[in-house]
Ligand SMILES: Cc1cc2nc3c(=O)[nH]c(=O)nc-3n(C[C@H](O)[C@H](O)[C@H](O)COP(=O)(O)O)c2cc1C
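Below you'll find only one chain, the form predicted on its own, shown as structure tokens.
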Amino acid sequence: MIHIDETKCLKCKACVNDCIVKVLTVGDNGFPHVRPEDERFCLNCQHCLAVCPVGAVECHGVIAEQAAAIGPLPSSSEMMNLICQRRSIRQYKQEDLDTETMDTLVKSLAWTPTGCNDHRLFFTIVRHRKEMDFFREKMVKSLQFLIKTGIMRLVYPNFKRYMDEIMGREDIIFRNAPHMVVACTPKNAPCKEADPWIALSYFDLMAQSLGVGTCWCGFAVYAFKWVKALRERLGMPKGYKVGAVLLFGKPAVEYKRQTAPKPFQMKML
């Protein structure tokens, strides 16, 4: 599980001090070690691997040489621009993202933080806009069915404002986006409500840095609950549920300036 290369170890205890669950302790010989009875408590967060100054720690089969060195970060002003200039995109170019951009976005999901480092999140990524047509078609038919049967009045009383669009077969849910990422989580996950939203928030910011537009799609979360065919298409493992949905693709609109929102209420202590 965790192995210490004693030929490299400086006995600095950096790994021991940074172990949040305290499974790493200092042995009688001064080297860090994990007692067999404590192994099951390891979260595999790899902090011990990351903090070791000489790369003496192997964690769950991962050695220092397999982990990238610390790289440059965007400046605070660059991050502020990214946050302030981020817009919800509802106008997309009808073309797929290039493979490199898509692969970069997908790769970034591996670093998603989760409660208790519970790495059981499941993602469905729609890589091709033609696949999105399946979701669009099923959604339109389902919405029309709910309206005709009167069920829509019960699940969404304000549906009439979208009546013409729905009956005209407009894609009011997925906004003609060419791509979508759906974050699903086990129903017994310790932070099942928060983890999907956190994951796609990271994905969202990464997308902005690549010039990819995004839009949070809360309606789709409910749509997957209502429509079995949509849910089955995701290929979720048994015992999972949809937690968050993010649409994305090349924007067909360009904003010329930031907005000027009013600050939220807050109290400084």
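A residue's number is simply how far along the shown sequence it sits, counting from 1. Please read all numbers here as calculations on a predicted model, not as lab measurements.
The same protein also has a form predicted together with this ligand, omitted here; what follows describes it.
Here the chain stands by itself, but in the predicted complex one stretch of 104 to 112, 144 to 152, 82 to 90, 127 to 135, 82 to 90, has heavy atoms within 4.5 Å of this ligand. Proximity to this ligand in the predicted complex, defined as a heavy atom within 4.5 Å, singles out one entry of Trp216, Tyr202, Phe31, Phe41, which is Trp216. Under a 4.5 angstroms non-hydrogen atom cutoff, this ligand in the predicted complex has Arg175 among its neighbouring residues. This ligand in the predicted complex is not approached by Tyr156, whose heavy atoms all lie more than 4.5 angstroms from it. Contact between Trp197 and this ligand in the predicted complex is found at the 4.5 Å heavy atom cutoff.
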